[in-house]
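In the block that follows, a single chain appears as structure tokens, in the form predicted alone.
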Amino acid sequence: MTNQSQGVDFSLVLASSVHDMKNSIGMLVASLAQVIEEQPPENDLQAQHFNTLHYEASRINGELVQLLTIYRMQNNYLPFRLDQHYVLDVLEDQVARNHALIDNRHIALAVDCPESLAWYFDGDLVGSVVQNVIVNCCRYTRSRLLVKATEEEGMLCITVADDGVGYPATMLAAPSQQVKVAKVNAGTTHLGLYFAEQIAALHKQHNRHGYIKLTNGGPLGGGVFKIYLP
């Protein structure tokens, strides 16, 4: 008997389950951060275990957010709230959300953005993209991260750069295609890149639309993620 004959929309049930899991994991991340702050690790081994738990919980929460957002987007009921934001506020919010992860991994993170820089975009969606990139960079960077925002040729450019080994050549060539060719057993689906590109593309003005770009080198010598918004 099929799901349709039973009157069950499995995709809707799955989306509801993902939403519940996202909320639970979000509470877990917040509780874990509080535990680490109140009871700091007593040695390097304990610190490593805490770091692993916090990173994995944050990563899972981010991927659940992405899955739910993409589902809503494909079913044409994703809330899209275009409003003016001070970019620095949005960036600092994402850094604050991950301060425990950043501190426990002894990462020096700098934010470079003019206080007066304001732009029209969906703060929640773009914030989720920046949040996801920061969490991933915490895993691959050596010790430094730079979050920067500038205006380039009439577009807002938000950059997250690290001092790690950089992105693989295949990701540089076609970042948005990685989710389509990723193998289940490879350990990653590159869902975050697909999510970022879809969110960027929602932002349109006249004949221009948002996009993402990956490079290596940059200000810290590692990977450089950029999202451009018109």
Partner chain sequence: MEEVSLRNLRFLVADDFGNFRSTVNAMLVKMGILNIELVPSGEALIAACEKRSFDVILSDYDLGAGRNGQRVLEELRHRNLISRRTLFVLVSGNAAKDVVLASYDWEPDDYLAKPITGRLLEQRLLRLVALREALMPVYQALEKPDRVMAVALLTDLSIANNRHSLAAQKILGDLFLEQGDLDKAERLYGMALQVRPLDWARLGLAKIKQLRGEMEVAAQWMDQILTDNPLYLPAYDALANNLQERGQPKSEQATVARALEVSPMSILRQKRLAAVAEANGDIPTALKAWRHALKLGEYSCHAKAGDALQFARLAVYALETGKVVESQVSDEVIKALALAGDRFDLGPVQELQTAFLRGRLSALDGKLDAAQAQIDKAEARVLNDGIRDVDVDIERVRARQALGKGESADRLLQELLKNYAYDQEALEKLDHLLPEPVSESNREWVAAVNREGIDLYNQAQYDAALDCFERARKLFPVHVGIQLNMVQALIGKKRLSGLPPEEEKQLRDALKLIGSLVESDHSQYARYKRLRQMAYANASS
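Positions refer to the first chain, counted from 1. No experiment lies behind these values; they were computed from the predicted model shown.
Although it is not shown, the form predicted together with the partner chain is what the next lines describe.
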Problem - Contact flag, residue 106 vs the partner chain in the predicted complex, heavy atom cut 4.5 Å - result: no
Handout entry: the partner chain contact at residue 11 in the predicted complex, heavy atom, 4.5 Å
Key = no
Exercise for the section: Answer yes if any heavy atom of residue 41 is within 4.5 Å of a heavy atom of the partner chain in the predicted complex; otherwise answer no. Expected result: no
Problem - Heavy atom of residue 157 within 4.5 Å of the partner chain in the predicted complex - result: no
Handout entry: Sole residue of 97, 148, 144, 139 within 4.5 Å of the partner chain in the predicted complex, by heavy atom
Key = 97
Exercise for the section: Using heavy atoms only and a 4.5 Å cut-off, determine which of 205, 46, 170, 52 is in contact with the partner chain in the predicted complex. Expected result: 205
Handout entry: the partner chain in the predicted complex reached by all of 56, 59 and 226, non-hydrogen atom within 4.5 Å
Key = no
Problem - Heavy atom within 4.5 Å of the partner chain in the predicted complex - qualifying residues of 89-119 - result: 89, 92, 93, 96, 97, 99, 103, 115, 119
